[in-house]
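In the structure tokens that follow, the same protein chain appears in two forms, which are kept apart as structure 1 and structure 2.
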Structure 1
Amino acid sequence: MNTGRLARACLCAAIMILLLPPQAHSGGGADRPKGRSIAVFVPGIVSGSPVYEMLVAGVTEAVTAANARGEAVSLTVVEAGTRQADWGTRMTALVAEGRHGLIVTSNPAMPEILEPVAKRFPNQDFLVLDAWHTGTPGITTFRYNQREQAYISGYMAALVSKSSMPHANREAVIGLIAGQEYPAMTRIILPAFLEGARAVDPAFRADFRVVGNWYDAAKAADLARAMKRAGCDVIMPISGGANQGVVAAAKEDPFYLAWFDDNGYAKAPGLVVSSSVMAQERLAREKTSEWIAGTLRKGVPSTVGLRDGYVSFVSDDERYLATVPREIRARMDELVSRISSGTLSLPVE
């Protein structure tokens, strides 16, 4: 977890709420002026989930910048917790307060949860990142090209797995540990991870395991140990707070980690071989700023990816340079330039 970023985000949010004029943060009711108030609805727990840490940080930056320009914009962060069955009710309650002109959230399951709420409250604006939805004027979505993001990761995992690096073995098998099974995972991320690996060597197969939630680090560690025994020498954890269990298992009995979503090289120096990232902090900042300025194009979905800089591979981190041999880094640079030049096209549909 990037504690610095999270701490900054939370502190800023707390300050923002404290600085508000009383009517902006007391009570509810549809008669309240809501134009300048923003809420972030976190479907889960912020801590340990790269996507949510970046979401809160980005929206906080946009609100801080607006306030620095003298615009009074307030920010509330609602952590909805791990009981997904409660998210719809929590969201409805937040919208019914009538205080927030914009509600920002993130994950591919949110549009379905929001759709009935948006129909009941047609004047409410929702900005949903890491999601795709059409046909509801209040719901604006942005998704990342996760075929590119996961392909890059699988390509690197295979290069490392085939290498003579100290913890690589002879098996052509790489691992993915997911928090849950969901369509973006089973239709895009997992297939593209394998597609990238098979571009290195068609013999590769993926060992795919599911924690069942986004917080059970002990279970994730057990899965990782079993995968290592079954021949995995590189594992990509996408399980939120449970990722720390995979990191702990790697430190105990080493295997390599392909990190996803944000820069993870510092999580286990010498073992994290890649960071295939989405610019969620930047996207959250930019789109929230556009909403504040009144320039956000509402009600339409967009896809962002490597060519516009919202998906990237972190290749300038000193830990990456120290861990991954030069020949493999050169292969990665070459792959990234093939995608950015369009020579290799990896569309999501």
Structure 2
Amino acid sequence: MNTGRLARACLCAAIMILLLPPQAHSGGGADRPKGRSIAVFVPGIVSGSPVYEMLVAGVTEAVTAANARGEAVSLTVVEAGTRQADWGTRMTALVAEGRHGLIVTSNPAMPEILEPVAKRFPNQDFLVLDAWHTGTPGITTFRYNQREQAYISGYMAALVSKSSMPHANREAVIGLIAGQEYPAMTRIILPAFLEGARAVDPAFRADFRVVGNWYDAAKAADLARAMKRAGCDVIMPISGGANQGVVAAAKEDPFYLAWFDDNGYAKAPGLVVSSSVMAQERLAREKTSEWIAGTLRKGVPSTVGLRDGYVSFVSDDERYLATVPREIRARMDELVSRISSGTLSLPVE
């Protein structure tokens, strides 16, 4: 994520960053005209979270482009904090203001939180990325093919684990640390991670552990250390801000990292062996632009993946080239080519 570009775009769009306490808003404003106002609801904190940085950047780009065309579109960014129990209350308060025609957010947990809010405010449009929901006209969701992402990551993890790379061991164990358990994690990501590993060697098993939140880096580090002692030589963290603890543990007592959702090679050069990424910024920009133009297919869930360019494996980063042996890189290129061409089909459901 180019933070400089994000800062410039935010300035051009005159974004107001708003920490939204529940008591600061009350009902009664729902009948005020919404006009061409958009809000980005961040279920967390933007800074330090690539997924949310990309979300804000993409929506900002769409709004900036619309204003450059002479359209009057305003944008507000709401940081709801890391306490998930507050998200529903804060979202309800935001919608009750009645100021925003579209609210954009991103998190697999958001559709469940939004459903009662959408029923209470049926005229409100919601765009939710990295999520799946059907049956509510006001909620439009786009999910990434996380089976592809996790399969690619598991395949690479197994290749590295079986290799003669310095921190690989003889154990057929790879690890996944999640911030929380949620349907996409337990039904798609974890099984696909293991599926990819077992495509290399059926003997592989996955050590799965949960932080319990998306910010406790100290606990994540403790989990990672315990997993290393239990035989894991490659761990994939999907735990938000707590990922920093896994990175710290890898640097202390080296093991390899498979990174998820953005390019993570710079997080720990020489230890990050894969980055399966999602084009969150592009998707946020495109779908927000469609809403502004009135062409967004509202209420229709969609899945996007590697074949249409919304999921990819970063194979040209100099750190990847320096860390991963040529023969492993060649096998990864072959795998990605098979998925991209449709030779290997990995549907989410």
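Superpose the two forms; the largest set of C-alphas matching within 1.5 Å is the rigid core. Small disclaimer: the values here were computed from a predicted structure and weren't measured. When a residue number appears, read it as a position in the sequence of structure 1, where counting begins at 1.
Looking at the condition given, the form predicted together with riboflavin, one finds it describes the source of structure 1 alone. Once the core is aligned between structure 1 and structure 2, the alpha carbon position of residue 70 differs by 2.7 Å; this is the C-alpha shift at that site.
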